[in-house]
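Only one chain is given next, in C-alpha cells, and it is the form predicted on its own.
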C-alpha cells in the first residue's frame, strides 16, 4: 500500500472521472484536473465564484461546477479547454444541479423547488418541469439512463412522474399512497421503483415502470419509521433501515420480508467475528522531545492502533439519544451492499463507533468492527468484497472476509481522514481531509492472490 503527496481541496469537492483516468478537485473558485496515473495537472479552470458542487458527465468529457449562492452553473470541456458554458438561473435562484445520464443535459432545481429546468448543451433548448418536491431524494435515474423518476407535490398530494430521458416527454404520471413522500429509487435493473414515506409513517411502496402498485410494506405504526433505503446491486434485495435499530430485507419475488437484522447491545453470536480497535500510544524518549521534532509535525504523538478479536459475549457502547431534541441519533442511517451483493454493511446511529457486516447468503452477522471514535464514512470496493472506513483520525481501516487492518496515513502534519472514495477500478482510494486530499494505492496483485 502506497500513499501520494497531499493536495489542496475545498468542501470535499473531489471526484474521479467515470472512466477512471482523471481526478477533478475544487480549490475555492478554481477547478484542477489531474491525470490519475501521474497526478500531473492536465487543466486548470477558473470559475466566477467559490464552487458549491462539482460533477463529471457520464462520458468524462465535461465537468459541471455550480455556484449556488449566485445561481450560476459553469461547464468546462476537457477536450476543448477554450470552450465553456455558463447557465444563469437569475433571481429564481439555484439549490441543486446535476447531469442527465447522456452527459449533454443539465437539470437545475430552483430555490423553493419551484421547478426543474432542463438545459441542453447541444441545442441550447430549455425545458421546464413543474412542482418538484423538496425531499430527501426527489430525483432518480434508472441505471441504463433511459428513465427519470421525479417526486412531485401538488394540491397537498404526492405524485411521481416518469420521464423518458431522450426527449424528456412524460411517460407516466401517478399519485402515490404516501402522506409525505421522502424519497424514491430505481432498482438497478430498472424494473421497479421504490418509494418511501417520511419518518413519521413506516411505508415502502413498490411501483412498476407503468405506474402499477406492485406491493406495499409497513413494519409497524405510531413510531418513527424509515431512516434509510438501498437496493442490492443484483436487484434481489431491498434493505430498509429504521429508527427501531433494525434492518429489514425484502425479496424481489414476493416483496415480503425475508430477514431482519437487529443491532443488539450485547453480541452473543459465536459465528460472528468482533474486531475491536485498540490504541497504543508510542513511548517517547526524552531525546526525541526537541523543539525541531515537534514543530516539523513528525509522527511522534500519533497513536498506533490494531484490531483485537473479542470472544463473545461482547458489550457494544451505546449512546442514549436526547428525547427532547429533533432528529434523534438513533436507528440505522447508513446501508451499503458489496458489489457482489454478498455482504451488507450497516451503521446504527446510537452505536456510532461500530460498523456491522452481514452475510446475505447465510442471512446472519458476519463481522462487527468496533472503533475508538465515531465512524465518519464507509464504502465498498467497487469490484471486490472489501470495505474501507474512516473515523476522522490519521488512519484508514479495511475489512475483507480474510480479516481487518488499521493503516496509518504517512503524511506530515497529521492528515485526518474525514471521508473517502474508491477509484472505479478498486486499485486506489481518495482520502479527504478538511482542506487536503491524498491518494492511497492498493497492492492489487497481492489482494487477487
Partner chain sequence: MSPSRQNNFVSMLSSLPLSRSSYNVICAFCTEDNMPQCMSYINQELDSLGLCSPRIEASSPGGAGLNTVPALNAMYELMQIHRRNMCTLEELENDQLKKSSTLDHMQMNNSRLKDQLELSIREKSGLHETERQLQLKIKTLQSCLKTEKDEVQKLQSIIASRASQYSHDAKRKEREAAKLKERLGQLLVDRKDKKLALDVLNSLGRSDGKRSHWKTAKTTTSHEDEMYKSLLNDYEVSQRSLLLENAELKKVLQQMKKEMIHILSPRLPSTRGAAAENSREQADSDGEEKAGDTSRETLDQSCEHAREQLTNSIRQQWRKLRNHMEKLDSQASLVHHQLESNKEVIPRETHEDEMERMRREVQQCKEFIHAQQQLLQQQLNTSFDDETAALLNDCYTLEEKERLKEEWRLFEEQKRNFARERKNFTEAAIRLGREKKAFEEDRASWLKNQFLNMTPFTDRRRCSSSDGQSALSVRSEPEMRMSSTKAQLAKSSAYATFSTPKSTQSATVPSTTELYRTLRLIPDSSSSRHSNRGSWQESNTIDDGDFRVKSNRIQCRDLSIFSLGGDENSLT
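Residue numbers count along the first chain shown, from 1. If you're wondering where the values come from, they're calculated on a predicted model, not measured in any experiment.
Although not depicted, the form predicted in complex with its partner chain is the subject of the following passage.
Of 319, 363, 309, 85, the one that lies within 4.5 Å of its partner chain in the predicted complex (heavy atoms): Flagged contact: 85.
If you check 265, 258, 374, 92 against its partner chain in the predicted complex, which one has a heavy atom within 4.5 Å? The residue in contact is 92.
Applying a 4.5 Å heavy atom distance criterion, does residue 157 contact its partner chain in the predicted complex? Contact check for residue 157: no, nothing within 4.5 Å of its partner chain in the predicted complex.
Is residue 314 near its partner chain? Define near as a heavy atom within 4.5 Å, in the predicted complex. No - in the predicted complex, heavy atoms of residue 314 and its partner chain never come within 4.5 Å of each other.
Within 4.5 Å, heavy atoms only: does residue 200 come near its partner chain in the predicted complex? So residue 200 counts as contacting its partner chain.
Decide whether residue 280 counts as a contact residue for its partner chain in the predicted complex under a heavy atom distance cut-off of 4.5 Å. Answer no; every heavy atom of residue 280 is more than 4.5 Å from its partner chain in the predicted complex.
Of these, 332-340, 116-124, 346-354, 269-277, which stretch puts a heavy atom within 4.5 angstroms of its partner chain in the predicted complex? Contact criterion met by 116-124 only.
Is any part of 168-205 within 4.5 angstroms of its partner chain in the predicted complex by a non-hydrogen atom, and which residues would that be? Counting only heavy atoms within 4.5 Å of its partner chain in the predicted complex, the contacting residues of 168-205 are 168, 169, 171, 172, 189, 191, 199, 200.
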